[in-house]
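One chain comes next, on its own, written as structure tokens: the form predicted on its own.
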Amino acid sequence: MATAKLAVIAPAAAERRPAFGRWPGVLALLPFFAVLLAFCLVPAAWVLISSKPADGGMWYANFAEILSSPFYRQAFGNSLDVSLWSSLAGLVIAVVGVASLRRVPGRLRSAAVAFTNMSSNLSGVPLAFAFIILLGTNGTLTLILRHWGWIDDAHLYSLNGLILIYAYFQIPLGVLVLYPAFDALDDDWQHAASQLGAGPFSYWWHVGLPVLAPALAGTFILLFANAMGAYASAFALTAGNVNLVTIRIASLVAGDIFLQPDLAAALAVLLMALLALVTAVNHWLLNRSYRGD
């Protein structure tokens, strides 16, 4: 009887202990929540409040002006275009690069990862200046290719040029984010698949990519948000002549002609809402894949 009583009491005590041990974890997260509140939630709320028209109009007047303006709709379209294609290019090249890195010797792999980490810091104005030197109108590679008759003129100062520059700083970020995710793949799976007659394409299509799907979706969202919020490289390359959302926000806050910080705040709110929508769709698709729908 004593043994049976102890068996009944022990599970109850085990259930009570995690409740007491939960408080240290909650207290440890308080600094994180404080930083999240101070640097994310409060600024977002302030931007939302500042989006009200300065002349005292209705709170939705700026949003209506943006959505009804072809100029601002073009800015969102250009930003989506550049972000989508640069993120896809960065993700594909990063997947191929990480899959190749897993096959090289350890020392060479460490050197490649270190170089990737260093190259990911090249962004903004220095990156735009480097591309202008190489691929600008009178850039080094442009002059060589023009001399050989391969090109007539450089197209760096356009949306295609922005996609090229954005993809450059997307690739190292994608490699660094995806590198740990490839630990989920076991080399024995590929050997087993080859024994069953599956080639490399079949293995990656039916085994590798489904296992990596959550990491790939999360990396794509990260790259997309990174491209949507980029400003310095685009402005340094085009001097603000390309219509992007971030350039429009900057021109409304610190432009030379007129200032409309309330309209800039409304643009920022719509940009945040767009990124939130993309993130929500990503989570919904991931939940469907986990349930097997």
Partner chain sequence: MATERYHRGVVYLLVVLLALPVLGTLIYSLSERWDATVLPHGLTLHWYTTLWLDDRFLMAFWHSLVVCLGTLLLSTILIVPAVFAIHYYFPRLDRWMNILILLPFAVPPVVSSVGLLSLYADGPISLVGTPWILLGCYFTIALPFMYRMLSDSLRVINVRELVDAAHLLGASTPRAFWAVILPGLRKGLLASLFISFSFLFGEFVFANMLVGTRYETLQVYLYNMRNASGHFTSALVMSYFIFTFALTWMAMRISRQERT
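Note that this is a predicted model, so its numbers are computed, not measured. Positions refer to the first chain, counted from 1.
In what follows, reference is made to the form predicted in complex with its partner chain, a form of this protein that is not presented.
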Inset, instruction - Although its partner chain is absent from this view, report whether Phe235 comes within 4.5 Å of it in the model of the complex, heavy atoms only. - result: yes
Inset, instruction - Evaluate Ile171 for contact with its partner chain in the model of the complex, applying a 4.5 angstroms cut-off between non-hydrogen atoms, and reply yes or no. - result: yes
Legend entry - Contact flag, Phe33 vs its partner chain in the model of the complex, heavy atom cut 4.5 Å: yes
Legend entry - Thr246 within 4.5 Å of its partner chain in the model of the complex, heavy atoms: yes
Inset, instruction - Taking 4.5 Å between heavy atoms as the contact cutoff, choose which of Gln74, Ser158, Ser202, Ser100 touches its partner chain in the model of the complex. - result: Ser100
Legend entry - Interface residue in the model of the complex among Ile49, Ala54, Leu67, Leu41, criterion: non-hydrogen atom within 4.5 angstroms of its partner chain: Leu41
Inset, instruction - Given its partner chain in the model of the complex, answer whether the residues Ile163, Ala184 and Ala280 all have a heavy atom inside 4.5 Å of it. - result: no
Inset, instruction - Within 4.5 Å of its partner chain in the model of the complex, which residues of 127-146 have a heavy atom? Give them in sequence order, or say none. - result: Phe129, Ala130, Phe131, Ile133, Leu134, Asn138, Thr140, Leu141, Leu143, Ile144
